[in-house]
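First, one chain by itself in structure tokens, the form predicted alone.
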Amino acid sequence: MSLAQEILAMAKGAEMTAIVAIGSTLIGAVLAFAFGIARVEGGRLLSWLALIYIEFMRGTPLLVKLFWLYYALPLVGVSLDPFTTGIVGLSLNIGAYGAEVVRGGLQSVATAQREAARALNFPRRHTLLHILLPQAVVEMMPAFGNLAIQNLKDTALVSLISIADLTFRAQQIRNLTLAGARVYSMTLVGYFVMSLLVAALMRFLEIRARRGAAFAHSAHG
């Protein structure tokens, strides 16, 4: 296997890693906001249901969750292909951690903001969407950036359920060439570069969120 073939195979693996990371991060963000908002604004029942999901997902290893989805779930009649299993497992995992970020962000908004909205008879939905979330999102962005990078690195585990990601390709090439040092060095560099790209994107989104929040604040002021 030539070096060019190795690089091409690694590039295909990196593409799969990016697809899994992006898909699971986006779905996880939806779950994070849904369960995080439920923890703060959802009433007693929804808050408890969200808490159960969050604590269970944070208290169990991601690898075991992937194995359970891939190997145990079919025993009850639900079979998922490896790609779907990877997306679901990673999404549920990052969603739980993200939900705590959302909860913390919402609770960081000054109580006076809620009281002012209540005094003006704003509906709860309006208060949440137009007053609380725009301010809270700014506080959430650094933590969400860390979670996105961690999720990217966690995608390496999906190689264990036969998804041909970067780690899976590296293992294949290593088995063929026995050039472990070169192959895994390339793998490290690949993950590092992708992590830098994610960090840069999240910093850009954070800047945009801060500008948007400042504009909204000045407009209301």
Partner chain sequence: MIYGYAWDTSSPLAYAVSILPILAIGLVVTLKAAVSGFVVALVLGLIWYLLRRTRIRAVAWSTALLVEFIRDTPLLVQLFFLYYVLPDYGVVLPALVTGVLALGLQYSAYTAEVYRGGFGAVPRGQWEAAIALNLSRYRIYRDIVIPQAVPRIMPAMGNYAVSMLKETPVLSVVTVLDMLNLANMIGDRTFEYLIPLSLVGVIFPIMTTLCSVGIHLLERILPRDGIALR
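Just so we're clear, the structure is a prediction, and the values are computed from it rather than from any experiment. Residue numbers count along the first chain shown, from 1.
Quick note: we don't show the form predicted together with its partner chain, though the next part is all about it.
Shown here without its partner, the chain carries 68, 149 and 195, all of which come within 4.5 Å of its partner chain in the predicted bound form through at least one heavy atom. Its partner chain in the predicted bound form is not approached by residue 43, whose heavy atoms all lie more than 4.5 angstroms from it.
In the predicted bound form, residue 27 stays away from its partner chain, with no heavy atom inside 4.5 Å. Its partner chain in the predicted bound form comes within 4.5 Å of no heavy atom belonging to residue 53.
In the predicted bound form, its partner chain sits beyond 4.5 Å of every heavy atom of residue 164.
Residues 56, 58, 59, 60, 61, 63 are the ones in 31 to 63 with at least one heavy atom within 4.5 Å of its partner chain in the predicted bound form, listed in sequence order.
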